[in-house]
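Okay, so here's just one chain, in structure tokens, the form predicted on its own.
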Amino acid sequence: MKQVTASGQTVEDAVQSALIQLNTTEDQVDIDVIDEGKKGVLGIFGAKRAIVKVKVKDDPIEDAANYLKQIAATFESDVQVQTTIDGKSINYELSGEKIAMLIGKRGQTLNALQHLVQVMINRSTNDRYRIVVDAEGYRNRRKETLEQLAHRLADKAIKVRKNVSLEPMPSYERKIIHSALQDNEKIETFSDGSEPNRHVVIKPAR
């Protein structure tokens, strides 16, 4: 039940009745006063009850989880979505028997899902959230792979004394490369190119 119409002797009474029926609190709903009611003579004669329509506000975080389930269902019939909220960071963890289909080559499908959810949530609220869509720990495994790649290519750049360019990556993956090499005084890193072909360049330090 997402909305109810309730009545009471006052608007406040009607609202409280609706909140009880919806099992929620006033900060989680939108209230539309249909009729403010009338006390009547001596509070009895000619009295008219107040009427309100109370609707539970849309929850963009929950809506995004349901959106992910709908999309995931086209790949895999049984996908679970676990939502974890930490301040302004929201993590959606997908799990299922054929989860590899949702990850895609080098996480491309997962990245696309993450982008869609990011846009969806930030269009629905004034708060700016950081969204991560993961699938059975893929992000951590990918992070380890990228860190190993970063160190290997940094060694190559130092050895050949030439810039080494990595493949195009989304911004958060480029950040992993930059962070992995930030303490290496023998090289410098910067991002080059335009989206979706923006990539990291590893440059030998002078």
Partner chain sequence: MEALIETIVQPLVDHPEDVRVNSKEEASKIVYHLTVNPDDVGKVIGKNGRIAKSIRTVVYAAGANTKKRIYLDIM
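Just so we're clear, the structure is a prediction, and the values are computed from it rather than from any experiment. Positions refer to the first chain, counted from 1.
Heads up, the form predicted together with the partner chain isn't pictured, but that's what we're talking about next.
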ask   = Within a 4.5 Å heavy atom cut-off, is Tyr67 in contact with the partner chain in the model of the complex?
value = yes
Partner contact for Arg123 in the model of the complex: the partner chain, 4.5 angstroms, heavy atom = yes
The partner chain contact in the model of the complex: Val79, any heavy atom under 4.5 Å = no
query = If you check in the model of the complex, is Arg130 within 4.5 Å of the partner chain, heavy atoms only?
reply = no
request  = May I ask whether Ala112, Leu116 and Pro196 all come within 4.5 angstroms of the partner chain in the model of the complex, judged by heavy atoms?
outcome  = yes
request  = Give, in sequence order, every residue of 91-111 that has a heavy atom within 4.5 Å of the partner chain in the model of the complex, or say none if there are no such residues.
outcome  = Met101, Gln108, Thr109
